[in-house]
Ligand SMILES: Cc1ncc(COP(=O)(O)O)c(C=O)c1O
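We begin with a single chain expressed as structure tokens, specifically the form predicted alone.
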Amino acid sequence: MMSVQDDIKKSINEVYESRTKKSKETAAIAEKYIPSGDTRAFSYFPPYPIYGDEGEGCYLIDNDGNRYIDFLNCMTAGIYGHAHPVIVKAQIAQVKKGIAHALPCDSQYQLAKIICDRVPSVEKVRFTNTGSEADLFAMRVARAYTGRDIILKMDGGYHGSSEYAQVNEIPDIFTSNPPQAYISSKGVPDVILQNMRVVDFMDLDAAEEVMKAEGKKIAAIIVEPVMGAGCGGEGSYEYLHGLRDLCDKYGALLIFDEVISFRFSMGGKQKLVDVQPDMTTFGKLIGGGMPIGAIGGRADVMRLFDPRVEGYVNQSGTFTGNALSMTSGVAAMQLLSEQELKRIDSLAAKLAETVNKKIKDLGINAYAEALGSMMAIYGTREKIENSRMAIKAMVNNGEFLRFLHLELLNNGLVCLSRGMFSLSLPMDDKIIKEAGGIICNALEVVASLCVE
């Protein structure tokens, strides 16, 4: 005999499959040629993801013609919304002149100037194709600059897919504190662990202990000022300043990974807390929807990327700095303003307030939190301060989040399956009110799946 919870899950799945028949057909075909049917690990969720290639403003349209309010937001990269006319116009003009020419182009230095002008810590910029590449090269140049090998990172900190970034990319949820360093992905050699150290995000004492023990061997501390993977919390003023002080004391470089948190202000999270890292990595929104990454930092550190310097750090790539990504980035970055960023921050706060009121009324083990222009729903009442806490809550309340996600899809709202919502500039009070209603109704449907 099926339980009430089984009936709820069965009903949600049946509605999902009835609405997404073409996506199901596409998934079956795609899986013949692509493992899991897509080239990104985060995209898959059971029974199969929705497929589609059309968007307008803050909406996505799938292969079945279903229209969704888009809080997936291309993993926070789509802050401008889909097919913004200003960006599209610039892209079309560049496509007519060619996409990539292997020549330096004017839009390279124009985009670099915008970043330098907006971020006080950045004097020079180098472009990459992804934020993942930017983190890889930032760690490499830190080692070259200091003559040291070890990088200190945070448990669950996401810095792309390079070998070094795979150390505790998924947090150690089995050890309390300090976390154990391990390799999250198969295929990465154990020798990588020799030159990585791991501590909890927001645990300044733990970082200080590592620096006391090995500070003269540590090339850099790399940290997301706002943890992206698992929505693992926002770094405090005291914590981020404390990391700056530790790096100054022991001669290490401080790297801020602002690939996600650059949307927190025109100068990123670092501007809000008045911390100047030695290097910053960027991606996502600086490309206006095109593939991009960048490393910015102090002129003396960035000088090591100059091929005219003896013993320089080699960083290149066929499509690095391509004209289409650069032109798109210039057009997009000129659309941003502090006022608009604060506006969507306030919309995220309103959405979280609405969701928390419903959660309180339902009396379930969850809460919502706005992180700038993002929002997360956690399957716990405990305040999330790091990725380990976020992933533990996700594991403990996995069915609640999984079926909440499917129920939202069934009612025209798409977000990341782990309960992360990312806002975009086309959104307004009306859309947030509609989204709040959809989320509250979905919470009511899946409330009994939420475990204490």
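Residues carry their position along the shown sequence, with the first being 1. As the structure is a computational prediction, the values presented were derived from the model and not from experiment.
Here the subject shifts to the form predicted together with the named molecule, a form of this protein not shown in this document.
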Check: Can we say G235, F264 and L371 each have a non-hydrogen atom within 4.5 Å of the named molecule in the predicted bound form?
Finding: no
Notebook entry, point to check: Which one, 310-318, 246-254, 374-382, 127-135, holds residues whose non-hydrogen atoms are within 4.5 Å of the named molecule in the predicted bound form?
Noted result: 127-135
Next item on the list: Consider the chain as shown here, without its partner, and state which of F201, Y158, F71, Y80 has a heavy atom within 4.5 Å of the named molecule in the predicted bound form.
Entry: Y158
Check: Which pick from V119, I151, I260, I286 sits with a heavy atom within 4.5 Å of the named molecule in the predicted bound form?
Finding: I260
Notebook entry, point to check: Any of the heavy atoms of E224 lying within 4.5 Å of the named molecule in the predicted bound form?
Noted result: yes
